[in-house]
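Let's start with one chain on its own, the form predicted alone, as structure tokens.
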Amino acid sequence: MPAISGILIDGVSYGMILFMISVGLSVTMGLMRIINLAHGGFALLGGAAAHWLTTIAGFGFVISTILAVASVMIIAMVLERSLYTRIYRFTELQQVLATIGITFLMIASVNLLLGSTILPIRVPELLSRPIDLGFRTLPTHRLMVVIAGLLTAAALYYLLERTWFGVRLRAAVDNRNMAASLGINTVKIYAITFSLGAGLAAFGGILGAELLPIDAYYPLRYMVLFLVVVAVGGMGSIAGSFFAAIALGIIDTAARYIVPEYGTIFFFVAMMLVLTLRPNGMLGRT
């Protein structure tokens, strides 16, 4: 049986990746009240852009990540202004169908431009080197993912809970007309929030490409995982998404190590148990 410490390390790394991608979905679904199933597509676009920048254009990993995330945020803002302003007024079912359609457009675009094979992202040699923790070795890249996840959680919590932007966003969500009458630019707030969520998805997709490989069908393969994290953590809760992602990552990793033939079952059983006891998620907003 694998050492518990090894399972915890791999599970936390996996959970951090799920968190970084899913937290943007939690923000858009929980705070903006929109069912955006195209969220995984933004992670795909970020990973695809990073692949092109590192392997074809020859840029370094850090510069490529910055450019890829910035590009996805710009694309997201354009889509938000041109399409999502109309989707906001749709019913839930119409939102699902519309955003699934956007997802397939993203998949088709990546497939046309880069093909349907795995799109590797070239990382610096430093991040490929193993770190000896005494009881096992760990790729430096995994450690970077954990640190990046912690910093992302702290920064996002501060932005939404401790700044004027967060206050304005919550006001716009609770009563958009009243917020606008008080001088809050709700159009700008929504555009920035949506773009931020897409940027977080792109960032997570890039850093998580080692465990969740990027290919044209990435959104279809992993969107259920991201939705599970949001549902279990509670829509709109940064802390909830963080703890749910870590817990589900550890459970899934432990099950795959110990009983690999039933690994996925434990992941979804854990989801059903939490949602049975807490339908709004661990720390969900009502």
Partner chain sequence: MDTAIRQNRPRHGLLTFRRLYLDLALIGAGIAAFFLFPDSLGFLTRVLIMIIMVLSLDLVLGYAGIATLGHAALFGSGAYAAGLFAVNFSADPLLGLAVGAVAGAVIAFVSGLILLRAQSLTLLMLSIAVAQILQEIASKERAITGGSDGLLGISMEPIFGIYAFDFVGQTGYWYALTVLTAVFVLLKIIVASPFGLAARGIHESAERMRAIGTPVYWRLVAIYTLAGGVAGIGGALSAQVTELVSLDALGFSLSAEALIMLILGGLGRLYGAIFGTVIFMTIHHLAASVDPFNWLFVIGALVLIVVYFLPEGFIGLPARARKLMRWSP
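Numbering follows the first chain given and starts at 1. It should be emphasised that the depicted structure is a prediction, and the values quoted were computed from it without experimental measurement.
A second form of this protein, the form predicted in complex with the partner chain, is not displayed here; the remarks below concern that form.
Per the 4.5 Å heavy atom criterion, the partner chain in the predicted complex is contacted by stretch 106-114, the sole one of 106-114, 151-159, 119-127, 189-197.
The partner chain is not shown here, and in the predicted complex it never comes within 4.5 Å of any heavy atom of Ile238. At least one heavy atom of Leu97 is located within 4.5 Å of the partner chain in the predicted complex. None of the heavy atoms of Arg81 is located within 4.5 Å of the partner chain in the predicted complex. Asp174 falls outside the set of residues with a heavy atom inside 4.5 Å of the partner chain in the predicted complex.
Proximity to the partner chain in the predicted complex, defined as a heavy atom within 4.5 Å, singles out one entry of Ile246, Leu31, Ala255, Ala231, which is Ala231. Site residues Phe61, Met144 and Val146 are none of them in contact with the partner chain in the predicted complex, judged by any heavy atom within 4.5 Å.
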